[in-house]
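For reference, the chain that follows is the form predicted on its own, supplied as structure tokens.
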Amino acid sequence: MSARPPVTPAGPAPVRIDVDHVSRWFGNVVAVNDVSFTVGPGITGLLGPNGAGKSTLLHVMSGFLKPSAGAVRIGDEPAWLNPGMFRRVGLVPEREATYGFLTGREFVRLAAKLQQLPDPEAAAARAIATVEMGEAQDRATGGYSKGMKQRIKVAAAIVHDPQVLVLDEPFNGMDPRQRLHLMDLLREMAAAGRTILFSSHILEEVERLADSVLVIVAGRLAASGNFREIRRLMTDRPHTFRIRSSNNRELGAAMLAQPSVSGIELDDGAMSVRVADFRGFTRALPKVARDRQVTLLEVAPSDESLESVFSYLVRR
């Protein structure tokens, strides 16, 4: 396998994405509702449950959808009705965007030609090597796995060396090695001065990669800023755990005396524990069980869906 080409610096002028009171609706359905934020160089994660409006927002930001209200600017240029802006932006859509009858090389070379690059063949070769798809570049994309299609879409998005890269659920279908490779590539591009925004509904992906985060729920911006600060809010919120043990009544009575526990209900061979202090609870539970000689059979969060986390952020 050939070595991956180094990522070139983005240039002296970093590019920001400014979203100003943007809404987008489809008939009576409001997909994005009065959203404002700014994304600068580095890696920003757009986090939200499925159906929250992430894809719609990314397509508006990339100039492929007209905002119903508000405006988006890429650097000093409007995103909508501005074909020249596409020279500065690369988009990796979530939906399948390859043509099954084209080889990987032909697909990326087509993107290079659409960008009117002076040497489309050389540009395509560099982009394909960057995503480590050289061995499969002459195979039809219709026979690619989901992870391979994702990587060839990334190659097409970066073939013109954009200053801004927007990726919609880019890790879907990738195996662990492919995910780590793409994460490393995005970190290199961010270190070279590019502005990178990627969406995900998986908290761990955002935690590993993003410095800052935008949290979107039901088309609205629920939280934004430093990821660690928002992650702390997610951890410190009230939790509910389902616990099964060798003696639920004994354990429940002892745990109810702990300041980290706000309530306990016994039900169907298990107990539901409402937790006010997540860290305090995780420290107290094993100690109390050991002191009372109770065996823990199951400890599982019962409200850890992203929807419940985001709903808590919205209510703050």
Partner chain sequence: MNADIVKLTLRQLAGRRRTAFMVLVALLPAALAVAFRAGGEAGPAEWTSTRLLGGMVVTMLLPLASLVFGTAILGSEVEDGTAVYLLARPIPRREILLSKLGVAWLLTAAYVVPSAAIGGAIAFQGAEGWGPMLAGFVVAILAGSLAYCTVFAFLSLLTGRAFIAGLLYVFIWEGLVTGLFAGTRLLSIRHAALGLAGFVGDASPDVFDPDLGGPTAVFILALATAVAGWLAVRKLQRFEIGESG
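Everything numeric in this text was worked out from a predicted model, so none of it was measured. Residue numbers count along the first chain shown, from 1.
Not on display, but discussed next: the form predicted in complex with its partner chain.
Quick one: from 114, 202, 180, 122, grab the residue that has a heavy atom within 4.5 Å of its partner chain in the predicted bound form.
Checked against the cut-off, the match is 114.
Residues 24, 53 and 107 are flagged as a possible site; in the predicted bound form, is every one of them within 4.5 Å of its partner chain by some non-hydrogen atom?
Yes, each of 24, 53 and 107 comes within 4.5 Å of its partner chain in the predicted bound form.
Evaluate residue 80 for contact with its partner chain in the predicted bound form, applying a 4.5 angstroms cut-off between non-hydrogen atoms, and reply yes or no.
It does: once its partner chain is placed as it appears in the predicted bound form, residue 80 has a heavy atom within 4.5 Å of it.
4.5 Å heavy atom contact, residue 136 to its partner chain in the predicted bound form:
No, residue 136 is distant from the partner.
For residue 166, is any heavy atom within 4.5 Å of its partner chain in the predicted bound form, or not?
Flag for residue 166 set to no.
Can you check whether residue 30 is within 4.5 Å of its partner chain in the predicted bound form, heavy atom basis?
Contact with its partner chain, no.
Among 170-178, 88-96, 187-195, 204-212, which stretch has residues whose heavy atoms lie within 4.5 Å of its partner chain in the predicted bound form?
The contacting stretch here is 88-96.
What are the residues of 139-158, in order along the chain, with a heavy atom within 4.5 Å of its partner chain in the predicted bound form?
In sequence order, 153, 156, 157 come within 4.5 Å of the partner.
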